[in-house]
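A single chain, nothing else alongside it, follows as structure tokens in the form predicted alone.
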Amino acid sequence: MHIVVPLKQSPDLVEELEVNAEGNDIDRQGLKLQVSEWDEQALEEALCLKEASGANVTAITADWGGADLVLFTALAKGADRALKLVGDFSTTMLDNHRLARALASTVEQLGANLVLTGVQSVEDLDGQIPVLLAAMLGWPHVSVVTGVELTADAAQVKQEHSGGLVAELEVKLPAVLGVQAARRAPRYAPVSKVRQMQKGAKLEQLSVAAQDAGSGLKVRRVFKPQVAARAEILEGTAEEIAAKLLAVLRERGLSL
């Protein structure tokens, strides 16, 4: 069993984000990146499957930002291979359609049986990558996955629904799964182990041809939410606050 886990580097939301001079993206100059939290969940689920069934796990990421550190960290956590995709990757946000095509060609070359990717990215929150990747590969797909068990030619998948409901599905392999949460919290890779990997392990590289087929969408404007003073604090005793609240509701035609 060969499991591929794409790791997307996304902005660290702890950092203060600024809009670029063109006004169509965030300013990525000197921007701190980290692996999207849902991709961390996907990697952990893949490593759990490795421990349970002896699967091989390959972590892949595009060559920008801190790609080397991302891959060495994946190796330190237990991945068997680390592959950096080298191509026409810029520092701007890569269109999900182009990224999915690059991943699809890579997965085909690797001969994988299963792809586990985060259900979405903190950068766009649209959940497109697993869906697009599955469509381009012609494989079945399930997203919002919270658990995976492997059999000889299928995966038993738990899918989270609203209202606390969980569906149990059987998916024929090969397949693409968008992971919402792994069966346990993502493991921590000590700095000493990451440095050990940097000294002894080698990263593989794979050239990816330019991907022309994008989504056809173009971001015209990005801006921070406008701040407006719309909160009114009611002060006084409980009786005074209740009377003020009732007066406000009557004024706005909301009282009975």
Partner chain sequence: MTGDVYVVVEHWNGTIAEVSFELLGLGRQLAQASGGKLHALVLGPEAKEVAAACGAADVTICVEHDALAGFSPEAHITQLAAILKDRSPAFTLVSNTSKGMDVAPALAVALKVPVVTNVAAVAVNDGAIVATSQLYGGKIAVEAELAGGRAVLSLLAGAFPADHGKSAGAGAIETVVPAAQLGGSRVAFKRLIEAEASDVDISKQEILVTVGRGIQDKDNLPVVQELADALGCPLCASRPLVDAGWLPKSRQVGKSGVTVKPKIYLAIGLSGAPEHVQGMKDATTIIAVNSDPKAPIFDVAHFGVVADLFDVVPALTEKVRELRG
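All figures in this text were calculated on a predicted structure; none of them were measured in a lab. The term rigid core refers to the most C-alpha atoms you can superpose between the two forms while keeping them within 1.5 Å. Numbering follows the first chain given and starts at 1.
Keep in mind that the form predicted together with the partner chain is not shown, yet the notes after this line are about it.
Val171 is the sole member of Leu99, Leu85, Val171, Leu71 with a non-hydrogen atom lying within 4.5 angstroms of the partner chain in the model of the complex.
Although the partner is absent here, Gly78 sits far enough away that none of its heavy atoms falls within 4.5 Å of the partner chain in the model of the complex. Among heavy atoms of Ile241, some come within 4.5 Å of the partner chain in the model of the complex. When contacts are judged by a 4.5 Å heavy atom cut-off, Glu108 does not count as touching the partner chain in the model of the complex. The partner chain in the model of the complex is not approached by Asp63, whose heavy atoms all lie more than 4.5 angstroms from it. Annotated contacts: Glu51, Ser192 and Ala209 are all free of the partner chain in the model of the complex [non-hydrogen atom within 4.5 angstroms].
Scanning 158-175 for heavy atoms within 4.5 Å of the partner chain in the model of the complex gives Lys158, Gln159, Glu160, His161, Ser162, Gly163, Gly164, Leu165, Val166, Ala167, Glu168, Leu169, Glu170, Val171, Lys172 in sequence order.
In the core-superposed comparison between the shown form and the other one, Asp126 has its Cα shifted by at least 2 Å. With the core held fixed between the shown form and the other one, Glu22 has its Cα displaced by under 2 Å. Figure legend: C-alpha atoms of Ala185 and Asp126, shown here, are separated by at least 3 angstroms more in the model of the complex.
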